[in-house]
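In structure tokens, one chain follows: the form predicted on its own.
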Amino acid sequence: MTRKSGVALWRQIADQIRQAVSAGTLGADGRLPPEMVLSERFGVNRHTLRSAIAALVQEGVLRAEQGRGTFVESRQKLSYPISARTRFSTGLRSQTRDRRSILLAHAVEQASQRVAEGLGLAEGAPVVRLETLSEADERPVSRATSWFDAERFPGYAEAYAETGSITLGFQSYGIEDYFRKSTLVSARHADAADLADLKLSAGAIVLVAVAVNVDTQGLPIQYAETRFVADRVELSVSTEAQ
């Protein structure tokens, strides 16, 4: 443990437990050691340890059972494919029973420099911004912010709200197919909005995919930043043409 590092001790412990569980060096039999053992291992009191475990329970990494102990949540990570045709629903169809996307908020605003560059527009051009949440089997797996050219896609928020799908929303504008031009993946701590919507605890990690989708003529139609819960989703990048 690194004290006075700016990162709370319980968060450091939570991260170490997560890594150990993932590597199979802790909880390999499906059950974590008793609190006293873990407290001694990390050199902290039980209150700090319990805070770490509570965070991992909230994030779906662990499962606490009254009177029995703490167990490793057995659900495997979802593998989200990123390819020439990246679609949320079809990408997870074989791994989940139910999938849905929810429109949290929307607005028409002026394009920032990075959004304008992504969409091939002039800085300050009007764009439609969507804030969406995607769930699989009733668990939040990602939160996205997407932008669209407001002149080409007027009222796109309404089209999305009606269909619950980016693909079906595009079809209402005559776009039957589109492709992934680029994806840039990174990782960071979830911000306050993502913590709340994705049901995470402070300090949780999200995988960030910044992407540009284009139509069949190669014109940008969507610029998006999607934050995936790192403990629930892994990104699988394919280089094969589709």
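All figures in this text were calculated on a predicted structure; none of them were measured in a lab. The numbering used is simple: start at 1 and walk along the sequence shown. The term rigid core refers to the maximal set of C-alpha atoms that superpose within 1.5 Å between the two forms.
Just so you know, the form predicted together with the DNA exists too; it's not on screen, but the next bit is about it.
- A single residue from the set 40, 65, 177, 191 has any heavy atom within 4.5 angstroms of the DNA in the model of the complex; that residue is 65.
- Site annotation in the model of the complex: the residue of 182, 186, 45, 216 reaching within 4.5 Å of the DNA with a heavy atom is 45.
- The DNA is not drawn, but in the model of the complex it has no heavy atom within 4.5 Å of residue 60.
- Contact check for residue 50: a heavy atom falls within 4.5 Å of the DNA in the model of the complex.
- In the model of the complex, residue 8 approaches the DNA with a heavy atom inside 4.5 Å.
- Taking non-hydrogen atoms only, residue 30 never approaches the DNA to within 4.5 angstroms in the model of the complex.
- Residues with any non-hydrogen atom within 4.5 angstroms of the DNA in the model of the complex fall in just one of 22 to 30, 208 to 216, 65 to 73, 193 to 201: 65 to 73.
- Interface residues of 161 to 185, taken as those with a heavy atom within 4.5 Å of the DNA in the model of the complex (partner not displayed), are absent.
- Here residue 190 does not count as shifted, since its C-alpha moves by less than 2 Å between this form and the one not shown after the core is aligned.
- Relative to the superposed core, residue 40 undergoes a Cα shift of 2 Å or more between this form and the one not shown.
- In this overlay on the rigid core, residue 174 has a C-alpha that sits less than 2 Å away from its partner position between this form and the one not shown.
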